[in-house]
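A single chain, nothing else alongside it, follows as structure tokens in the form predicted alone.
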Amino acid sequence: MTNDNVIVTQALRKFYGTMEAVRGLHLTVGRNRITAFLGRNGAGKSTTIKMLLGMERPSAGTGTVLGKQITDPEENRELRRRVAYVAEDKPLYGYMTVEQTIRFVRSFYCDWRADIEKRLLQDYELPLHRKVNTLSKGMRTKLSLLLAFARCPELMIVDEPSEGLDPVAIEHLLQALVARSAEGVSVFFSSHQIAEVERVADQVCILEKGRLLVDASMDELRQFYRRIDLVFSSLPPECEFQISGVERIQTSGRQMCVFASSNADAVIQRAHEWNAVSVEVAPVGLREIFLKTVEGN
């Protein structure tokens, strides 16, 4: 791993019996960036995160987090001291109160920020003397986020951080992620909320059936991805438009819709060669990129 990367995996695989949840994953996550990890349910996101943190052992392949080997027990313990993690299911000790939970977790970390703890207690309106098992899903999520944000880690790994949160709390969460990134903390988070990702992410990785299909910066996605709508007097064969950069082609009657990750100019040139009656080019948002990428794979 170079100093520019906080996570690197090479051919990472995970089998559960005969089912392959993660398939030869090559993933690189840059330092001092907010990297979003997108995918449908069952795509392998949580399994990947658990392997990175030593909670699941890879069936094959290698990986490092903060330069530490994820399969080496000693190195894995060291990396976890430097990583703040919020799990998808937000596991907490239900018999503890909110205050007891914070005091318990605080005792493990010398990087704990009492000022952040105090501010988040107020922002999240957490009831100190309530037991965790009586809290709503949203309150448990807020408590889990406080336990992560009150530290000063090198890397935050957050799995579905907005689950159960109301719009105001989601806004606070997004602001907190951006603020921590500005302070030099690398953020790696999975989410199903595309609009949230589009607002804060620097890099986007899309996983489908355990394979990485997209790994690009938001700037690259905005610059190169295009939807090209074509109308012809007589529809040409689809194979004529299966050129480099074309991800999907859909046809209906005399219309053709081309979804391209690059090389839009070549598609337009090919359309003119086939005497297209109409050519319309439009940039696409992250939601459409996600849907077009995972559909059919």
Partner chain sequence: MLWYKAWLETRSRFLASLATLTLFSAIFVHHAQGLLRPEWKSDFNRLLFINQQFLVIMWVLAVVLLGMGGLIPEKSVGTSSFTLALPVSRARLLGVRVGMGVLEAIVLAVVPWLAVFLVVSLARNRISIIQVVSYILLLVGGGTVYFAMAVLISSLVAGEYAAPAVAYGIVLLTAMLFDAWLVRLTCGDW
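Numbering follows the first chain given and starts at 1. None of these values were measured; they are calculated from a predicted model.
One more form of this protein, predicted in complex with the partner chain, exists but is not displayed; see below.
Between the partner chain and the residues 192, 77, 199, 222, the one pair within 4.5 Å by heavy atoms in the predicted bound form involves 77.
Of the candidates 147, 98, 158, 120, 147 is the one whose heavy atoms come within 4.5 Å of the partner chain in the predicted bound form; the others do not. A residue is said to contact a partner when one of its heavy atoms sits within 4.5 Å of a partner heavy atom; residue 85 meets this definition for the partner chain in the predicted bound form. At a distance threshold of 4.5 angstroms between non-hydrogen atoms, residue 54 is in contact with the partner chain in the predicted bound form. Taking non-hydrogen atoms only, residue 136 never approaches the partner chain to within 4.5 angstroms in the predicted bound form. Looking at residue 167, you'd find every heavy atom of it more than 4.5 angstroms from the partner chain in the predicted bound form. The stretch among 85-93, 159-167, 121-129, 213-221 whose residues place heavy atoms within 4.5 Å of the partner chain in the predicted bound form is 85-93. Using a 4.5 Å heavy atom cutoff, 81, 105 and 109 all lie near the partner chain in the predicted bound form.
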